[in-house]
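Shown next as structure tokens: one chain only, the form predicted alone.
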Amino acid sequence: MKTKNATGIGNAIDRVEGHLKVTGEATYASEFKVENKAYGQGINSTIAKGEIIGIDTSEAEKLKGVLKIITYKNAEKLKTFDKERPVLATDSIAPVLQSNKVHYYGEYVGFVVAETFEQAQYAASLVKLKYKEDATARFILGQNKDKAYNPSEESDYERGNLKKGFSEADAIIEQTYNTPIEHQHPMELHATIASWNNGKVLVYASQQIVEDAVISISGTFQIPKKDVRVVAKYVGGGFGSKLNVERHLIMAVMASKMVGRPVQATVTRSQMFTNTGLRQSNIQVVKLGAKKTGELTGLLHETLAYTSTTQEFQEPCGSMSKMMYNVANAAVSERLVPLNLQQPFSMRAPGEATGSFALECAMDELAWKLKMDPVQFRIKNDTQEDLSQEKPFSSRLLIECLTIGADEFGWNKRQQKPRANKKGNWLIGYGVSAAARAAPFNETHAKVLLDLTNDTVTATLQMDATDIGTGSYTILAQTLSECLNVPLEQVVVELGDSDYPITPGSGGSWGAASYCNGAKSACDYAIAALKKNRNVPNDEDVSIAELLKMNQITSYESQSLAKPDSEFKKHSIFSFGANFTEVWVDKDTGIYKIKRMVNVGSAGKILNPKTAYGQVIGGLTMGAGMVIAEQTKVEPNFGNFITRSFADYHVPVNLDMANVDVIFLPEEDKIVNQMGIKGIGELGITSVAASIANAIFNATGKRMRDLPITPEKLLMAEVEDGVTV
């Protein structure tokens, strides 16, 4: 890839902020030096539904250092929901402690403010609450199907004639796939330091979208947006859990107003199970029909999921099913059941991660029934048009991902017959899945400041974008270095402050494309304006230092906006990929090992292969976690989570993971944006679980449709009809 200098776009450079992170100089939300701060600790309910009928704070109030105990009885009045169960969005209000009602186990029912964190924690444990419990609480999705409702018109999608499609099929499969509740659990705990000063709010917070946090805080407290400032310089992971404002932040702001001091609130790891979002459980039914030649004739994908009783969120599990394959007759529906559990919200690749498990397992099942190679079956049903939007894809290299991946993986060594490949006590299997993830490009503002000192230009970029560990600082520094043709060491990137120009924040695989095009736009605007001032032709190559000299200035400020054009809106924009997995299963114990993984992605221009590789490795690991162990179990009688720490919520470790090859196809999709960038962060997790499950079938002849796939489940499962043992 041709670049203007050695540190520009496309080069696998080290993170520019790496030194700050490893030396502890990168400042996260709870690490800002704020004078005279107090500490707050939330109190959690111990029932799932009911009312608070008594509160005894006397013992806690006697403790040294306790400043305030806030409950619904003395809390500040906040804006509350104006209708039952409103849709949860990234900028939604977040009222808390506004009534004596309890809606789920672990809901915040109080907040203790003290001089130290330890004093606040201990005092919180001494507050005694008396409840009137409601026995009608519901916790288990599968036992409450009769309570399901249709959340919106968009929850139903249909094209063609599904009945006709299935009548034309020579082979049909219909199966149910179950995915459990999962938690995001970023390394950095949710935390904030909040200050209320004469009606103005300053919040250091761990938030993925700064602007939406401002909107949420101002809306909740009914104060002007201009009086709220949110700072999130570094965010230690989010995976969706930090997209929206959670109640600990609101309680900290409220407490600061009430005690007249800044208040720090750090959510404990156990509270991150009950108070910072999760991936909802889903029951998915997929029915596929195809002709004996392999053409799909019908697709049905129905999802039943839970939402809380207070707010609404639907993980769109059918999103891939709508657009992935060339099937003229399709129907996708989504239904919700309100349960007395914590409010779910987006977790990495919401909808795609879980929905692709069902769809891509079903594709494998139908390929087996048709006696077709599952790679060729997918290729047979490829399409260059998004039938759900009736738009062409801006680019779609799925066939290339599948064929190149198959060649790299050695797919030709796979035997169609399950249980055919053995080594000692191990059954060896190979699985494949296709992946897709929407690649948005959202409106982004950016400011570039140019300073000339002794013939050296320093370029500073400012935007409220966030770096959630993905490398935003690095790829933006590379973008400025490339666009302005200045060395990387002369570039400064300042992010995560609502005083800076507005961006869409980090999430939904839109960050890199949006941020970098915003930065490029501001650079291009500066160069064009400086040239225009001195009548320099646009195509004349003049350094930025010379342009500043020609304009007889030593500093210049440029602010610009990048947004999708009309061509973008005429196309369907997705990144595509393919996953290949080799597993070894012990035939006696059901223990399995993921031996090898090959991931191929077509995600537009790769800005930095090193940080992109890290993103994909992280996604593959999370996808493997879905299969190996990740699940949050609900106690069926009381509605609390049985899994409350990393001792019982298991995530993959190094020994669980395979040898991984990651391949990025060369692609610059200029329809998407000027720089040809697509998202990659969520593509890495999509369909990974299916490729592992499909490999397990090839190894054992057993279809595993319920995640996670434990050795116990694998041992108890029956071999599928038609498989020779």
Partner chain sequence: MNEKIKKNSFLTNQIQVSLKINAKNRSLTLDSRTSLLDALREHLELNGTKKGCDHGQCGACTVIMNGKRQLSCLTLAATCEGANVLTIEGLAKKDKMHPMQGAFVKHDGFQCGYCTPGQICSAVALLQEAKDGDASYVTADVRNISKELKLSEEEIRERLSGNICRCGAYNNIVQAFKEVHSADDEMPTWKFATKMQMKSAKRK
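Note that the structure is a prediction, hence the values are computed from the model and not measured. Residue numbers count along the first chain shown, from 1.
Unshown form predicted in complex with the partner chain; subsequent notes refer to it.
- Put simply, residue 492 is far from the partner chain in the model of the complex: not one heavy atom of it is within 4.5 Å.
- Taking the partner from elsewhere, residue 239 is found to have a heavy atom lying within 4.5 Å of the partner chain in the model of the complex.
- In the model of the complex, no heavy atom of residue 214 sits within 4.5 Å of the partner chain.
- Contact check for residue 55: every heavy atom lies farther than 4.5 Å from the partner chain in the model of the complex.
- The partner is not drawn, yet in the model of the complex one stretch among 317-325, 143-151, 91-99, 116-124 has residues with heavy atoms inside 4.5 Å of the partner chain: 116-124.
- Using a 4.5 Å heavy atom cutoff, 39, 408 and 655 all lie near the partner chain in the model of the complex.
- Checked against the partner chain in the model of the complex, the residues 397, 129, 428, 502 give one hit for a heavy atom within 4.5 Å, which is 397.
- Exactly one listed residue, out of 392, 609, 260, 160, brings a non-hydrogen atom to within 4.5 Å of the partner chain in the model of the complex: 609.
- Scanning 18-46 for heavy atoms within 4.5 Å of the partner chain in the model of the complex gives 18, 19, 21, 22, 23, 24, 26, 28, 30, 31, 33, 37, 39 in sequence order.
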